[in-house]
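A single chain comes next, written as structure tokens; it is the form predicted on its own.
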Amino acid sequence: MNKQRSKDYRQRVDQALATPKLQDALHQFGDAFLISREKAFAGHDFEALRGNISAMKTEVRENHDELLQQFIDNAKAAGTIIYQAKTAADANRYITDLAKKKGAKLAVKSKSMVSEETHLSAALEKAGIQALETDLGEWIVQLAGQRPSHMVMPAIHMFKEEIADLFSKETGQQEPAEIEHLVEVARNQLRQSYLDADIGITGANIAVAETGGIALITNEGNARLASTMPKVHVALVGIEKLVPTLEDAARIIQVLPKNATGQLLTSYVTWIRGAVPCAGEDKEFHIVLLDNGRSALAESPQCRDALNCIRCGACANVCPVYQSVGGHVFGHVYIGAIGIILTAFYHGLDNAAELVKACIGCRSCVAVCPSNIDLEEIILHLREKVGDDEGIGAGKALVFRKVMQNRKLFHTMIKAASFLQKPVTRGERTIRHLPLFFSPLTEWRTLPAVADRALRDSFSQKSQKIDKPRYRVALFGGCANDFLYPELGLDLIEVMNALDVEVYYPLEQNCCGIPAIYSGEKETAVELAKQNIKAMLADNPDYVLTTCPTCAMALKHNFVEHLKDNPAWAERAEQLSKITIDAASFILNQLAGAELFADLAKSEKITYHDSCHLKRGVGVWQEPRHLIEKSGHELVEMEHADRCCGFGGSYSLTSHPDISKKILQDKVADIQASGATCVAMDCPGCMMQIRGGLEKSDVPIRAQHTIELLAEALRNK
């Protein structure tokens, strides 16, 4: 592990978290974005649209050489000069040499993330050529001596007062902090530059193979001016921007503005093909096609889907980590979830290592991605690569490889912890304060104590008198249900028995392996998958139930992925996947059991928190709500019900507790604002986080698992 790199990153995190204005701005933008995006996609089938884009971009990747050659041939036929750059340095050299050959003193640039990737402006300045950004946000960032903090909105981290100060220095007079005025100042300052420039530089949103032309999708007129006014136009284009046809380009244009900024359509869509007349002469049009790691990305089976990205930036817009620390922390050149992946391949894994670890795994980015990229899955693979290169730390390696893989040793150590914790629990089930260097863990939330008696030890004593069971189901408890909240498992038995379902607990089951995966320790995760498949299928259950969506994801998806190339295990992993189901869905869909709870409960105002892995991993969010309402409670929706609570397992305990704390504070505020007296959820991890945050803040709102509420209703009937 690079300790200095990690220290520097932590300092940037601390600085960002100490800037509440930044978080307010990013939260306001994120909230407004979701509303605008929903309106923009009204009447459209987003899943169908992104399925089409994903299929098209995958086809491009699989036939890239042919399509690239088709693009080059058609572009040349139209009078375009093509240069293929293998590296960023190669692209910069070609463009600076061209500028020097033309005697250029000024280059006007429109917004281009690929030029940020190559650091083109610095290369031009070094060659004695002024590189002037003409996009409003990019110009602001350039004046500030910063880099963009968002792929679509470069200066989103800055406030109008800061911008007014920058503009005042530029104009030499005091400029008021009024947005319309500042926009007018920028126009006046930049307008002459288009006339004076010797060369114009743009990127491209799309490169069309069948025409050899490019498309620029923008909200300002600067790209159109930069590409038409100077006598030389250079477009720096990543080779992944290819699409086969104009019809395919139209698919991207239909989705990109809606998913990027919540607009039905951007202000300008500019199509450029070949050299065009310019002041009585033919304009020179150069396209520099950049590789710079894209071919290596295409060759990675685990990561290559990232090339399907259309650069909308939405993965940052919905990311709780980005909203907490911003793009200068959660990014390198490219930011957000896609930025982590692109950084690894375009700028090296070392530059991506801290970002890989900073992802909390909430899958918000996956849900909103218009190219249907499983960004979290790719990031987890990169986390594994970082672990391989740098190690995961001696402590974690010992826990995962020596302790967790040995079920008996693992469980013995957890039971020992229940005795060792007694000086701090003082007989309570909650740890309110920890001593010494452990104290930060309980500064902003309480923690659950390890139960005196684990679920596996209590199960056999729970009487189940069912004459003719409808089903016999196995409970996969998971570590939290088994050792922290055994009463949740006992409540599940009570609820299932009331529905004529017999429950048993396979004692050979172990941790689901998610903590290992999130720490980059795949070897342990694979071993645990085998142990659990063997344990859960041993007695041929009708179904396997979970009260933890993270465990459900592991059993339904991860085990299959881990073992798909292992003939001895692949079929059994698929079998377990098919019969695994979360408890709420099982009650509602398999048992049609909602009527059992009809009006049993004493009415309470309850709000519901969507656990990340339940809604975005397993696709369940309506079923628990229906059960809560059916049992006689008043369900009130909180704001941002599906925003992450900040738990993320070890993320909140050892990895990034500072970011976790900020995300939890946002969640607690939303729960309080709902006016509910109880917040329900279907994840023990979320329950641990939210209950701990409410208790530490002395907020009199209880946090309960849906199954606990159903068991309460049965007991109170």
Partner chain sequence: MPRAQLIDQFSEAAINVGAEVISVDSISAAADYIFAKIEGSLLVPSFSSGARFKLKSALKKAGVSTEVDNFRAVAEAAEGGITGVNFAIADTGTLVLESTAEDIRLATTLPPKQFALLDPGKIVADGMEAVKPLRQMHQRDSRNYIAYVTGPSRTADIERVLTIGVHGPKELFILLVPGLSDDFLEM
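What you see is a predicted model, and the numbers here were worked out from it, not measured in a lab. Positions refer to the first chain, counted from 1.
Another form exists, predicted in complex with the partner chain; not displayed. Remarks below refer to it.
- Interface residue among 161, 467, 595, 565, judged by heavy atoms within 4.5 Å of the partner chain in the predicted bound form: 161.
- A single residue from the set 176, 128, 632, 221 has any heavy atom within 4.5 angstroms of the partner chain in the predicted bound form; that residue is 221.
- Comparing 452 to 460, 329 to 337, 633 to 641, 212 to 220 against the partner chain in the predicted bound form, the single stretch with non-hydrogen atoms within 4.5 angstroms of it is 212 to 220.
- Every residue of the trio 25, 269 and 276 has some heavy atom no more than 4.5 Å from the partner chain in the predicted bound form.
- Residue contact with the partner chain in the predicted bound form: residue 135 places a heavy atom within 4.5 Å of it.
- Although the partner is absent from this view, residue 89 stays clear of the partner chain in the predicted bound form, with no non-hydrogen atom inside 4.5 angstroms.
- In the predicted bound form, the partner chain lies farther than 4.5 Å from every heavy atom of residue 602.
- Although the partner is absent here, residue 539 sits far enough away that none of its heavy atoms falls within 4.5 Å of the partner chain in the predicted bound form.
- Shown here without the partner chain, the chain has 134, 135, 136, 137, 140, 152, 153, 154, 155, 156 in 119 to 156 lying with a heavy atom within 4.5 Å of that partner in the predicted bound form.
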